[in-house]
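This document opens with one chain alone, in structure tokens, the form predicted alone.
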């Protein structure tokens, strides 16, 4: 098989790298960790001005899924705060795929301008990754719907204009059949947003919906057809929109630090055989994650919709990231316990940060347990685990 990129794709990747070098600044990363908002408005606007966002929306414009992967792979490898624009583009892909023409006309230009973010309203306090158990109700009232309920882990809701909200519209049918999606403006009366700070320094939110009146024009897909919309959203989110290359900047940060720190006898940490072996293992894991992610992009590029391939790469990439963070923390201890801006911190604090952040990645976007169950049941044909 030929895994090489075409000359046009190589040129496209270099344009992304040039943009990152010209626009991204260390203070943007510092702001990310200080505020908990993993988003860079400067990068978003630059990507919009360069036409990258239009090419990155799945099923829209002149781009292809390989370019979508390249965009987020480069942003992630450079440690650019990109969660906000990733979610916006993912929802834009959903609207381009299943939305009405009116929804496309209203919503897509806002995302393409690079200044509109979107939150995902899937999980709830009592059901977590089992999103089909959602109990947030939407009841029809004339031309409107009245929404009541609560969502958890609605990241970016405090800076987003929209939320893609999963609701239950029929409580009397099996849980996967009575769901309906809405793309709701977050400035509607009755919506409350409360901050929740994670151990990975990221701010997420709990959101509450009290008699929120939502016009029917904001409904996405058919009534009670929300699970089909969810399948599209998860196909874009898992494995295609980033989140699988976090081990790359971790390895780079650790290698640079380990090559310059010496023990009392003048030996570099990077020359320790065990450290070198683990660095190689992390590099191999990173390469496998890249190839698995490209597999999902290839499926999308050839007219398909990635399914379990995204679950597979998410399980591998996030758990490999967590394993690498643990290994490098053990090698760097006690300097690995020091955080950003603390003197003597390993890799300027990145090792300590990645050790805290890596477990979070195995949870959001579907926990490893949920993804493993999906793979076992739908790919391997094993009995249901629950």
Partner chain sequence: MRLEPTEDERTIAEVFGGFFRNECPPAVVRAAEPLGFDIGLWARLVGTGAPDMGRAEAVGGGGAALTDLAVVAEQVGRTVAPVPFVEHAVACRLLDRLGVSPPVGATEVATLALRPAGAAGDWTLVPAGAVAGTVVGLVGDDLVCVHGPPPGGAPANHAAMPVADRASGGGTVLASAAAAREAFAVARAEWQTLTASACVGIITTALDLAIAYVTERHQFDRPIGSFQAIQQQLADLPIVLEGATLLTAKAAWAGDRPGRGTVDVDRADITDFPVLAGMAFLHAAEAAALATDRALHAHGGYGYSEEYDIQLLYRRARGWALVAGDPARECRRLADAMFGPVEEVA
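The shown structure was predicted, so the numbers you read here are calculated from the model rather than taken from an experiment. Residue numbers count along the first chain shown, from 1.
Keep in mind that the form predicted in complex with the partner chain is missing from the display, and what follows is about it.
Participant: Quick one: which of 180 to 188, 268 to 276, 211 to 219, 129 to 137 gets within 4.5 Å of the partner chain in the predicted complex, going by heavy atoms?
Facilitator: Every other range fails; the passing one is 268 to 276.
Participant: Just one of 152, 196, 283, 159 has a heavy atom within 4.5 Å of the partner chain in the predicted complex. Which one?
Facilitator: Result of the distance check: 283.
Participant: The partner chain isn't shown here, but in the predicted complex which of 256, 175, 104, 228 has a heavy atom within 4.5 Å of it?
Facilitator: Contact check passes for 256.
Participant: Whether 4, 288 and 294 jointly form a contact site for the partner chain in the predicted complex is the question; each needs a heavy atom within 4.5 Å.
Facilitator: Yes, because 4, 288 and 294 each have a heavy atom that approaches the partner chain to within 4.5 Å in the predicted complex.
Participant: If you check in the predicted complex, is residue 251 within 4.5 Å of the partner chain, heavy atoms only?
Facilitator: Contact with the partner chain, yes.
Participant: Whether residue 15 contacts the partner chain in the predicted complex should be assessed with a 4.5 Å heavy atom distance threshold; does it?
Facilitator: Judged by the heavy-atom cut-off of 4.5 Å, residue 15 is well away from the partner chain in the predicted complex.
Participant: Any chance residue 77 has a heavy atom within 4.5 Å of the partner chain in the predicted complex?
Facilitator: Yes.
Participant: Taking 4.5 angstroms as the cut-off for heavy atoms, does residue 48 touch the partner chain in the predicted complex?
Facilitator: Result no; residue 48 lies far from the partner chain in the predicted complex.
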